[in-house]
Each structure stands twice: as structure tokens, then as C-alpha cells.
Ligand SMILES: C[S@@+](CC[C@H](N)C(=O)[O-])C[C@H]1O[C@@H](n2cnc3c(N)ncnc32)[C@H](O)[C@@H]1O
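The data below hold one chain only, encoded as C-alpha cells and taken in the form predicted alone.
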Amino acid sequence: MLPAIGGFPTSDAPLFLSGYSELLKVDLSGRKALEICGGFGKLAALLAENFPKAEVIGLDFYVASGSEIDEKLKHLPGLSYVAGDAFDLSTYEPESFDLVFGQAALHHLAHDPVGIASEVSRILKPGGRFVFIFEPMGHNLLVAGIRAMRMARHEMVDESNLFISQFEKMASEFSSCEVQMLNMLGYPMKAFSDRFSLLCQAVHSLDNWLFKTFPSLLRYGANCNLVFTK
């Protein structure tokens, strides 16, 4: 199982475990995967470690580097990093990838969800999967308000929330779309998750029960994973 990356609160662990299980669901040995907006490249490296016979490419505006990445590249011949734009994947042949994925990436591309869906659909093989892990949702006004204050305080200019309507537009490029929602009542618990883990687990279980019992509440989750299948 891939460990969570990025220093997130422990209350987010269920969402990461669910998202990473999607990356591991299909044996990528002898296949190709592309991470978009990969940042420091750690998730691409971990996927390459789990599938050493796969070709895993990490793409971002800047090539991932550093001593840790250099060490990974020495031992993982299938791993590579490139600089590029997720909206322009023209260097890759149509139907050349089995998996395209990103972590906390889609909300940085939300100004053109159809554009990114179309470009990724072009390079995915039939049956290929497009997976986003840990994305922020905007239907819950309390959550949106908390995020707005954080963005203003830290001058985070490249952040936005996502909405179901955007997923529906993206889904037109694929045969199926699954939305895994989390963190409704559990969202405020992020501030206390490391000190009150048992309480956070209880609230997470309550969220799960509410989502299953009242499906209309799903849209009010604070975070989600997305799985598109071509």
C-alpha cells in the first residue's frame, strides 16, 4: 500500500487509502502511467516502486529533482520526469497510456475541465483510467468559507474548489465516472486529528453512515477522489 504523501492530517488517511488503492487496482507491469501536476515527484516514484516493470512518467511545469528523486531514478529504470503542460500532451501518441493520475491536481486545472478531460482521453487506451486523489469540493458553504479564509490569509492564488457540474462535463469524454466523497462532519476535525484520533475515527464512521443513508448529502463532502474510465 502506498503511504500518504504531503504531510496531510491523519483524518484524511481513509481518502488517501481509497485513492491509492485505485492506483494499485490494475497491474501496471509492462504498461505506461503518467502523473500530471506531480510536483516533487514522490507519488510517481512510489508507483514505480510498486510496479518496477512499468513505465511511469511524472509531468509538471518543472522537472522533479533533488537528492531523493535522483536516488529513485538510479534504481527505477522505468521512472522518468519531464517538464510540460497538462493541457498539451501532444508529445504522446493517442491511446498510449494505461493510467493517468494526479494528487490534489484537478483543482489547479478547473478553469478548463473539458480541455483536460479531452486531452487525457486522447492518450488513454480503451479501458484506461484517469484518477484524481484528494480534491476539494465547493458545495458545502461552511467548508468553502473556511477554505476562503485560509486562501486569503496565505495569499494562495492558485487554489479553487470543484463542483459536480464540472465532473459531469468531464465524464462526457469517458465511459464511466466514480466520485468517492469524504469529510462532511469530519472536515473541522482536521485541526484535531493528531490529538483525538479515536474521535476523528468515530466522526469518519458517522460521515460514512450519513452518505450511505442519505445519498443527497454526498455533494456536501469536503474532499473527493475521482476515477474516470475510458
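All values derive from a computational prediction rather than experimental measurement. Start at 1 with the first residue shown and count on from there.
One more form of this protein should be noted, the form predicted together with the named molecule, which is absent from this view; the next part is about it.
A.B. asks: Check for me whether the named molecule, as it appears in the predicted bound form, comes within 4.5 angstroms of all of Leu182, Asp207 and Trp209 - heavy atoms only.
C.D. replies: Spot residues vs the named molecule: no contact at all.
A.B. asks: For the interface check, one of 104-112, 73-81, 90-98, 144-152 should have non-hydrogen atoms within 4.5 Å of the named molecule in the predicted bound form; which one?
C.D. replies: Of the options given, it is 104-112.
A.B. asks: Counting any non-hydrogen atom inside 4.5 Å, which residue from Ala117, Ile123, Val131, Ala86 sits next to the named molecule in the predicted bound form?
C.D. replies: Only one option qualifies, and that one is Ala86.
A.B. asks: Which pick from Met189, Ala54, Cys37, Leu162 sits with a heavy atom within 4.5 Å of the named molecule in the predicted bound form?
C.D. replies: Selected residue: Cys37.
A.B. asks: Classify Ala33 as contacting or not contacting the named molecule in the predicted bound form by the rule of any non-hydrogen atom within 4.5 angstroms, answering yes or no.
C.D. replies: Output for Ala33 is no: heavy atoms all beyond 4.5 Å of the named molecule.
A.B. asks: Report yes if any heavy atom of Leu59 sits within 4.5 Å of a heavy atom of the named molecule in the predicted bound form; otherwise report no.
C.D. replies: So Leu59 counts as contacting the named molecule.
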